[in-house]
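Given next, in structure tokens, is a single chain: the form predicted on its own.
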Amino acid sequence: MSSLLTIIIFLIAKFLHRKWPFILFVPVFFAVAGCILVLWLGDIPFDRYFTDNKPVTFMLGPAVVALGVLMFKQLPLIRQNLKQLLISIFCGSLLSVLLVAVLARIFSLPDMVAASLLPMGITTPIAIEVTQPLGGSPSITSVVVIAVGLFGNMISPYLLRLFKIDRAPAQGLSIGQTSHGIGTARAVQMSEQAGTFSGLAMSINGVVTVFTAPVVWEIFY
């Protein structure tokens, strides 16, 4: 039942966004907000929803693996831009954790909160593994990472147009670097090249941040 509910809400969101391309009708955001609203109004426990929704959750694995097909098809373009790609991801990862650390210091956030926010730019499973040794809360990290992904999924096309980023590889790199898997879902919809580079940026950024986050933490804390 929960799987059917999730799919129906997502399909409604796709229909609304196609008819009225308003930012609040972006399918991922609308589906998440819609499911939360239904669970709240129906007084449905999340544990029950999560258990019943396992068929849809299971499909996340094959969907992520399927990104490898896109990467294989774009292999010549990846090789051609590999140096720029790696430099951009390293600089983006370092800048991301530096900004969080600096802002956390400016606003005098508790160390636990700062550690929880530090890996906010990478995908949730890796972010949790980064934040735990630093004394952060996996719960806070998960919520923040998902919120960042949703935000990126919603506004990334508008920001790309605003800053006139029109090359598909650069678009994908920008989205995957900042909005991980949820943003990559939007990049795949934009174009095959954007989806490929978004998935690649998401993966490499996670690995790089495993090293940059603890180094920045040691410097500031």
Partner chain sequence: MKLIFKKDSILRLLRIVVGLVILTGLSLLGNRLSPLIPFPMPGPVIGLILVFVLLTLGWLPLKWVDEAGKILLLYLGLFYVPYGVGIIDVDPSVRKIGWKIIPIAITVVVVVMLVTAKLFTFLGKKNNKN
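Because the structure is a prediction, the values reported are computed rather than measured. Residue numbers count along the first chain shown, from 1.
What comes next is about the form predicted in complex with the partner chain, which is not displayed.
Proximity of I23 to the partner chain in the predicted bound form: non-hydrogen atoms within 4.5 Å are absent; the residue sits far from the partner. Using a 4.5 Å cutoff between non-hydrogen atoms, N53 counts as a contact of the partner chain in the predicted bound form. The closest heavy atom approach of V210 to the partner chain in the predicted bound form falls within 4.5 Å. Although the partner is absent here, L117 sits close enough that one of its heavy atoms falls within 4.5 Å of the partner chain in the predicted bound form. In the predicted bound form, T6, I7, F10, L11, K14 are the residues of 2-19 with at least one heavy atom within 4.5 Å of the partner chain, listed from first to last.
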